[in-house]
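The chain below stands alone and is given as structure tokens, in the form predicted alone.
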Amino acid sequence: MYILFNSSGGAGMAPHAALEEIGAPYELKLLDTAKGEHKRPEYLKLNPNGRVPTLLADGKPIYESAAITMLLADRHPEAKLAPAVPEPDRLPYLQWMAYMTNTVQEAYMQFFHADYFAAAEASRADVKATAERRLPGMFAVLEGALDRGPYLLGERFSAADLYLFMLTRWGRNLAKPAWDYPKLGAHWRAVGGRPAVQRMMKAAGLA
């Protein structure tokens, strides 16, 4: 039994979709971040950073979206969400997971939460504008990665595609949305058509 603490449309989309793909029993607890529910003392005991998502696995908390997603994929090999260590696809799988969380997600953080990076309002505007200039280059890298096939590992679907689906949705309000790139758009539609992803979207109030 898992318990996932998330917010609607937040960084828990990928692990939430992974839980649906796996089919393991879980409980979803949606936090209203606008009301500061992720900053309440009882939640900070689970995640001292006061951010979502957090997963309780066997009663123990784990946070950071990419870590949760990879943990679930590795704990449930029957779902085939991650290549095993000896498989050649393990290397690009780890690379893309790290790239998306360390590079793309960080740029999104600067775009959506410029106040985390600059105290002055004028400086925040510059942080946000710089992030928006950087993101298209990252989308181009991901667009190129999809040359191998419909998914990041070519013909093989993996948890990395759930993560990319989440990040593509986050870019919907950019000057050029992520899904306006041909291959990223096709990827968004393909992953979004999966029953598990549709269930995630509905449960999170996004569909």
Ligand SMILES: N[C@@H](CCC(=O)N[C@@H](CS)C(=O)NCC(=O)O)C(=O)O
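From 1 onward, residues are counted along the sequence shown. Note that the structure is a prediction, hence the values are computed from the model and not measured.
Heads up, the form predicted in complex with the ligand isn't pictured, but that's what we're talking about next.
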Check: Since exactly one of A98, M109, A118, A79 fits, which has a heavy atom within 4.5 Å of the ligand in the predicted bound form?
Finding: M109
Check: Of the options G50, P61, P177, P150, which one has a non-hydrogen atom that comes within 4.5 Å of the ligand in the predicted bound form?
Finding: G50
Next item on the list: Identify whether the ligand in the predicted bound form is within 4.5 Å of every residue in the set K39, S65 and W170, based on non-hydrogen atoms.
Entry: yes
Next item on the list: Go through 177 to 185, 22 to 30, 134 to 142, 162 to 170 and give me the stretch that gets within 4.5 Å of the ligand in the predicted bound form, heavy atoms only.
Entry: 162 to 170
Notebook entry, point to check: Though only this chain appears here, would A18 touch the ligand in the predicted bound form if you measure heavy atom gaps against 4.5 Å?
Noted result: no
Check: Any of the heavy atoms of R75 lying within 4.5 Å of the ligand in the predicted bound form?
Finding: no
Note to self: Does any part of A11 reach within 4.5 Å of the ligand in the predicted bound form? Heavy atoms only, please.
What the structure shows: yes
Item checked: the ligand contact in the predicted bound form: R90, any heavy atom under 4.5 Å -> no
